[in-house]
Ligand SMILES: Nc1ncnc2c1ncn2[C@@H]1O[C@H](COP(=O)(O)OP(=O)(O)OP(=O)(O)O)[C@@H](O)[C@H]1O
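Have a look below at one chain only, the form predicted on its own, in structure tokens format.
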Amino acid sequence: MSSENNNKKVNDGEMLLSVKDLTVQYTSMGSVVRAVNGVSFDLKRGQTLALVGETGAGKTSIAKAILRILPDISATAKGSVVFDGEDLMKLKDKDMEKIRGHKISMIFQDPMTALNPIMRVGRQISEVLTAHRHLTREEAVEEGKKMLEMVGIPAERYNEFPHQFSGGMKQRVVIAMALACTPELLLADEPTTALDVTIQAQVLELINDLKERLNTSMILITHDLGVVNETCDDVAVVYAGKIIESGKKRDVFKNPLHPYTNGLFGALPNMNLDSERLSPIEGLPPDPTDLPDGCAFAPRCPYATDKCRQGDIPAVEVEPGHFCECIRVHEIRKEQ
């Protein structure tokens, strides 16, 4: 798909975000960490895309590159991130500051580190409102209280500190901060990882409800396929900094094709099957400072051949909108 066509879709109002050939590299102790390697995807308004994969796959680096909050000293990002008709990679820092927290917000993985421990939670929400919506202090306080109530926290707790809240409540405060300016795009990085199962369900229900109410698009970063099933429209499976399978949730869940995607599903317990053991994926993800040639999953793949270890692996469209980067995808499909 050409960039001209992408921009046309964005300007038509259907496409909100179009990421093309995004790469992110970190420099650490003289080594180059290839965290993201040519990632491309589109996101429509009001839709939710899940980035799924193991820890270290590059999911968070993708989100931080979109928001342009990668560390300046050690990280470099290239590619295009077209948001609402503008390439964020080409914007000046002062212009990006107007978008960050206003049009695009992020829910970070750990609410303990996302909140300032010595600042009252209400003030942390109000600062966002003052900076981007240019409200007076009194107006910001009132809006901040409304945001707390929107996420299920009484307005009376506006002046309390983060340590006075439980883990689930802290995450609700972080969500309130992220949604304070009704962003068009929400980046949610493992928003339920640090929470127990009951609170996870409440937070996911809250995010879904607010997303629908505010018509917010979302990129959900997770390794939990159950969360994806409850929350998302589209799925992109990330491995070694690349999207190796993507499509509508129903297509990827009903017909997973890449051996890695099948491995993720095989590692899940299935109450309908009488099996004594799960089927974990053998081995470990590759070292991002020394990625193998060809398919990065080949060292762990039961279907790998010599061809898999040579050159770039093209994405194959196996059905409309369902892509898979595997040269043996049609053979594997017949064997399933």
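The term rigid core refers to the most C-alpha atoms you can superpose between the two forms while keeping them within 1.5 Å. Numbers for residues come from their place in the sequence shown, where the first is 1. Here the structure is a predicted model, which is why all the values come from computation and not from measurement.
In what follows, reference is made to the form predicted in complex with this ligand, a form of this protein that is not presented.
The stretch in contact with this ligand in the predicted complex, judged by heavy atoms within 4.5 Å, is 159 to 167, chosen from 110 to 118, 132 to 140, 159 to 167, 206 to 214. Between the options 37, 47, 40, 60, the residue in contact with this ligand in the predicted complex by a heavy atom within 4.5 angstroms is 60. At the 4.5 Å threshold, heavy atoms of residue 184 stay clear of this ligand in the predicted complex, well away from it. Using a 4.5 Å cutoff between non-hydrogen atoms, residue 293 does not count as a contact of this ligand in the predicted complex. Within 4.5 Å of some heavy atom of this ligand in the predicted complex lies at least one heavy atom of residue 26.
Taking the partner from the other structure, this ligand in the predicted complex has a heavy atom within 4.5 Å of a heavy atom of residue 190.
Contacts between 31 to 54 and this ligand, taken as any heavy atom within 4.5 Å in the predicted complex, involve 33, 35, 54. Positional change of residue 99 between this form and the one not shown stays under 2 Å at the C-alpha, relative to the superposed core. Superposition on the rigid core between this form and the one not shown places the CA atom of residue 170 2 Å or more away from its counterpart.
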